[in-house]
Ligand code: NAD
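One chain follows as structure tokens, the form predicted alone.
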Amino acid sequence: MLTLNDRRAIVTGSTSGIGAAMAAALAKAGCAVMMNGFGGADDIEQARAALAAETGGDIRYHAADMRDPTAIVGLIDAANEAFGGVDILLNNAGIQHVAPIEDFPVDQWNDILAVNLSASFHTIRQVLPAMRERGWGRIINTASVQGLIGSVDKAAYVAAKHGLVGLTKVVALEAAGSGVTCNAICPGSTQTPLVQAQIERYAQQQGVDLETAAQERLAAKQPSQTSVRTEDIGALAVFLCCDAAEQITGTSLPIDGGWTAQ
């Protein structure tokens, strides 16, 4: 098992789905982890306490709204105060809205770009100087296959994820040779609350049950015909943080059951 003993991590959007799996994988590898995300306070505390009990690690939570640059500074400050620094940054927070461009609400466009793209700029600019100074750091951005291809009715999400892939490349180049790497993980269809909401919408539109809707969506996009497991995405994140991955930087790594191979 890969170990990251004594490393200190922030994982945004980690109260459910992919982010929760990433936080768990890092904690199990030996990291102290600052979680972040939406949800009921009791549910979040239960998840935090359970992960801390399972791993014996220092697991914290900060409720920063990733649309708010000032709140993001507060998140980084809280992690620095709690852990003494940030070695690993996983930008995973994301939201979605689906509509044709002419019907796309402007407030939804602004929120999606703020959470899915601008938040990563704000976190990276806060942690990168200290990572450079220490000579080690890992920055991982959760993009999507939608950062590599396009889809109808997802203007804001696709634009933000393409932007995140571009940001990943720039950070990798600017940090090259410093011991800091920056990569993007691009999941395909994954069993998360965000994807589940899309399946439910598809089922309603097509007049089919949820199981049929899930299979039809997979058949149309993902050659493996199987959803990506969140724990596999977490394992990929841990690998990118280990020393064996020190020359992997500026990449966008699909984990998508063959979606982008078509």
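Please read these numbers as outputs of a predicted model, since none were measured by experiment. Residue positions are given as counts along the sequence shown, with the first one as 1.
Note that the form predicted together with nicotinamide-adenine-dinucleotide (NAD) isn't included here; everything after this is about it.
- Contact with nicotinamide-adenine-dinucleotide (NAD) in the predicted complex holds for all three of 18, 144 and 188, each having a heavy atom within 4.5 Å.
- In summary, the region of this chain contacting nicotinamide-adenine-dinucleotide (NAD) in the predicted complex, judged by heavy atoms within 4.5 Å and restricted to 49-57, 62-70, 199-207, 25-33, corresponds to 62-70.
- Proximity of residue 193 to nicotinamide-adenine-dinucleotide (NAD) in the predicted complex falls within the 4.5 Å heavy atom cutoff.
- Using a 4.5 angstroms limit between non-hydrogen atoms, residue 94 touches nicotinamide-adenine-dinucleotide (NAD) in the predicted complex.
- Using a 4.5 angstroms limit between non-hydrogen atoms, residue 161 touches nicotinamide-adenine-dinucleotide (NAD) in the predicted complex.
- Of the heavy atoms in residue 115, some are within 4.5 Å of nicotinamide-adenine-dinucleotide (NAD) in the predicted complex.
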